[in-house]
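Quick setup: one chain, the form predicted alone, written in structure tokens, and binding and motion questions come after.
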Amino acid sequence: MIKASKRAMSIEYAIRDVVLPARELEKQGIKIIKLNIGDPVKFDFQPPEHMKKAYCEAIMEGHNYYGDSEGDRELREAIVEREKKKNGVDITPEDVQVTAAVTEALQFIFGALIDGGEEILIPGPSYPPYVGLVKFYGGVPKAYRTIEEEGWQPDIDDMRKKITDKTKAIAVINPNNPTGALYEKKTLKEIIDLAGEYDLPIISDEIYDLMTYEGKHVSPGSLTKDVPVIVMNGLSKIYFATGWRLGYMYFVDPENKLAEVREAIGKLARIRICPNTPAQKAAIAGLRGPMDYLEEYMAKLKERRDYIYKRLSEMPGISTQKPQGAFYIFPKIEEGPWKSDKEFVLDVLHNAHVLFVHGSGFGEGGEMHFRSIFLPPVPVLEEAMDNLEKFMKERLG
């Protein structure tokens, strides 16, 4: 047998890994309510009509060629317009790199920063690619604590303790996946000050930036004076185009500290040729077009957030924080016979026929928690919560 690389074999993606046992049950004719994958388009959300029309028109008008490796010039101009309006950042199209979603942006960034043994500070818990991709490139993901009792805000003191001479960057996911946290402006300023003290760049994942409820998203890119910030965003969440796989990153780097990193990212971009050309044309329409659809979509999400939060808060053996952003909730398993959160999730799957993701799949800080989406309509969430509540009452006696 030809052996695969250890780095590739070590990669785990809990969000999709749990689908495998669910499929086995479905083969037996059992209906599974899937609350594991954060794909709004699987439910009653779609990209706005003007974006879909622009995508089709781009194909029919012949935009099916290789494009520039850094991305379509007009799209990068539209990204600059969008980010100046949203975040007030002083950037140009030359500061923007278009990518195959945020995941490729992460691959570029970690590929450019890591030689072997370097550490990247990531929130604990964290979206799985932050752990898997850092390891794949030979680095060490180091989780800093986020405080559950304070709405999963980062613990700055713990972040400071985790910094060593091997630390290469601090990653921030805000609004957060998997916890639904929205980081406070004060906290972000403290992170910037800490990064400046140790001469570290900040990697800021802002894919859910306009998907907030009671508060407003603030970007570290809008707050920095001399600390370099790499901001990532894309079409998957706010523009509801998950399957288009299109995103971008840009550099807020007033003192040009990331010049060599930018050069390396450019090399990585060129070797993979270019992002999806017709999708980029549609992205221009999305970034420059109306966003009135978002008000309706956010009203639906808020209703669903409020419903699942109420149900889980009242459920025996479970506690939870109220999400302030994105469309995830990250409850804690307070009591029960389970030795691990994965055992809990599989028990729920086989006996309540609801699919969640085990919290430990999101790394350090996720133990004895589970993640649920709240994307489906309330009647679907109601059925899932009824099943879970009955299950919990049976297990807790």
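Only a predicted model underlies this, so the values are computations on that prediction, with no experimental measurement involved. Residue positions are given as counts along the sequence shown, with the first one as 1.
The discussion below concerns the form predicted in complex with a small molecule, not included here.
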* Asked: Taking the shortest heavy atom distance, is Ile173 within 4.5 Å of the small molecule in the predicted bound form?
  -> yes
* To do: Evaluate Asn177 for contact with the small molecule in the predicted bound form, applying a 4.5 angstroms cut-off between non-hydrogen atoms, and reply yes or no.
  => yes
* To do: Give a yes or no for Ile308: in the predicted bound form, does one of its heavy atoms lie within 4.5 Å of a heavy atom belonging to the small molecule?
  => no
* Applying a 4.5 Å heavy atom distance criterion, does Tyr55 contact the small molecule in the predicted bound form? -> no
* Structure fact -> Residue within 4.5 Å of the small molecule in the predicted bound form by heavy atom, from Trp152, Tyr144, Tyr127, Phe108, is Tyr127
* Contacting member of Ile192, Leu210, Leu133, Ala101, with respect to the small molecule in the predicted bound form [4.5 Å, heavy atom] -> Ala101
* Structure fact -> Within 4.5 Å of the small molecule in the predicted bound form, heavy atom basis, the matching stretch of 308-316, 158-166, 90-98, 229-237 is 229-237
* Would Asp205, Arg245 and Tyr328 all count as contacting the small molecule in the predicted bound form, using a 4.5 Å heavy atom cut-off? -> yes
